[in-house]
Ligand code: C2E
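First, one chain by itself: the form predicted alone, in C-alpha cells.
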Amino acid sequence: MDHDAALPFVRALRPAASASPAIRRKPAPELDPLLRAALDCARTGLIVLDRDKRVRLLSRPAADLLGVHPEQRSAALPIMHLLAQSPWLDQASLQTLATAFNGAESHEPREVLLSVPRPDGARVVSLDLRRADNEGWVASVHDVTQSRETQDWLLEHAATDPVTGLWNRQHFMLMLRDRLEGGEAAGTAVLLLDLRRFQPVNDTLGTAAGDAVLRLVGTRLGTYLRDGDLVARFASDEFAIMVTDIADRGAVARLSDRLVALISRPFQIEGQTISIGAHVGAACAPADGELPEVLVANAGLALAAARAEARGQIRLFEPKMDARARERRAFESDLRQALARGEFELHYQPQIAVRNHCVSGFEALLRWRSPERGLVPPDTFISTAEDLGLINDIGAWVLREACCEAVNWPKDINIAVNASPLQVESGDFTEIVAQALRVSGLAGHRLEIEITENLLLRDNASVTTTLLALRALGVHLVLDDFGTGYASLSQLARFHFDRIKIDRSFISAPDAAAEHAAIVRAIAALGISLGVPTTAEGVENEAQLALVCENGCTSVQGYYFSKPVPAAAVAALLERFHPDMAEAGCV
C-alpha cells in the first residue's frame, strides 16, 4: 500500500486531553469473566476489532506489550486512537500500524514487526492481523524479541531510517568505507543533498505531511539512481548519495544538476501541491579524500558553500573550502573566548542636534580588539556571534558597560544601544535591561534601545510583550535603519517609537541624489506628523549636512562631527559639543 494513503488515518493521532470527551466512548460487550481471565493469562495477546475498527477486546498481554493503560482497555475507541495514547509507540511505529490497519480490508493476513522501547528494555513485537469473515478483525500480538527472525530484522532495522526506509548514516559510512578500502575509490563520489523550503511544509501542514515529502524524495532518488549507487538519509532534511563508476567531476556536476531538477518537481500530498528545492554539495574520491569521514566532510563543506550563495544550488568541493572552514573554526574559537578575556570594548559616536550643533546623546558601538586580528569591526563578527548563541551574553555586557559609562555624563545626555532580534526574542531581555539600569544607577529614560524594522515583521507575542515592558521601564525605543526594511505606518504608531533613524544609504550614496533626498524628506515629514524626532546617519560632509537640515531631520550622526571614539575620548567631545558650551561657540 502507498505510504501516503495512510497519512489521513494517522494524522493528529495524539489528541489533546481537552479533545478526549469529544470521542464517543462506548463500553465493549461484557465477556464471561472466566474467558477474560483466560485471555489475560495467555502468553499471546489478543485484539478484536469490529467493522469500524473499534476495539471490542484488548487482552492484558496485548495492552502490556503495546503500552496501553489498563483503564483504556474497555473503551470502544478506534484502534489507532487507542494506540496513539501509548507513551512507548513513536511516530514511526504508529505509521507502521496505521498502514497495517488501513490496509486490512483484504482477507489476506498481515504481519508487522515493531520495536517498542519499554522502560524495562526494548522489545520486538509481532502483530498478526486477520479478517474475521465480515464481522471485524482479530490481531494476535507476540513478544518475538528472542527469535532468529527478529535478530535478522533488528540488524536491518538498525541500518535503516524509520521514516523513509532508506539506509541510515551509520550503514552508509560502512558501505562507503568498504568501497574506498576495497580499491574502488576512483570513480566514487559522495553527494550531500538538503531540501530547500522544507520547514514551511512541517510548519503549515504538519509533521505527517513533512514525513510524506521525505519518503517521496527518497523514492525519487532511489528510482533515478543506478543499482550500484547508494542513497541514505542523514538528518532531518539531508540525504547522502554514493555514486560509483562516474567518469569525472563534470559528470558529478551534471548529475547534481539533474538531482536538483528532480527534487524541484512538485509533490502531491493529500490534495496539496508542494514545491521544494534542493542544494547539493559533492566530493570526489580520491582527490577530495580517501577516507569516508574526510570525503563526507568535504561534501558537507561544498553543501555549505551552495547554501551560502544567493543562487547556489550545487557546488563541488574545492581545497580552499577546507582552508576557509579551518579559518572559520579558529575565528569561532577566538570569538567564544573573547568576552571572558576582556577583548571587547565600546566606542561612542555623538548624535548632534541640527538646531544648535550640540550633542544630545551617544550611540555605543561594539568593537572586538583581538590580539591576533587587531580591531575587528562588528559586521565581521556579530552574525557569527548570533549563530554560535553568544549574542545574549555579549549584548548583556554591552548594556552594562554602556550604562555604567553613561551614568557619569551630564544628565541630559542619552546612551543608545543596538539590540539584536535574537536578544529581544530571548524572553529575558527586559530583565537584562533592568539589571543594567540597577547596576549602573542610570535612569531608564536616558537609555535608548535601537531595533531594526525586520524585528517588527516577526509579529509574535514575545516581541510585543518585550517592547511594552521596556517602555514600562522608561526606556526609549528607537527604530534603526528606517527605510531599508518593511515596517508599516501602523507598526510605527503601535509601538510609539521615540526616535526614527534614517539609514545612511539614503545620505551617503552619490547616485540618485534627488530620489534619496525625496526619501529623506518623506521620512522626516513622517516623523514630524507623528511627533517623533528623526536622526540621519552617515553624515560625512557639509553638503550631506545641508541636505538633511533642509529636509527636516532633527539630529545627525556621522564622521562630519566625529567618528566613534573610545570611552576616554568622550569627555573631549562633551567639552566641544555639550549644550552648556553653546554660548562659548560649540559649533
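Throughout, we count residues from 1 along the sequence that is shown. Fair warning: this is a prediction, and the values are worked out from it, not measured in the lab.
Below, we turn to the form predicted together with this ligand, even though it does not appear here.
- Contact annotation: of the candidates 378, 319, 266, 410, the single residue with a non-hydrogen atom within 4.5 angstroms of this ligand in the predicted complex is 378.
- Between this ligand and the residues 211, 194, 363, 288, the one pair within 4.5 Å by heavy atoms in the predicted complex involves 363.
- The chain is drawn here without this ligand; in the predicted complex, the stretch among 50 to 58, 535 to 543, 522 to 530, 37 to 45 whose residues come within 4.5 Å of it by any heavy atom is 535 to 543.
- In the predicted complex, this ligand sits beyond 4.5 Å of every heavy atom of residue 343.
- Although the partner is absent here, residue 367 lies within 4.5 Å of this ligand in the predicted complex, judged by heavy atoms.
- This ligand in the predicted complex is not approached by residue 440, whose heavy atoms all lie more than 4.5 angstroms from it.
- Using a 4.5 angstroms limit between non-hydrogen atoms, residue 414 is distant from this ligand in the predicted complex.
- Using a 4.5 Å cut-off on any heavy atom, the one residue of 395 to 415 that reaches this ligand in the predicted complex is 398.
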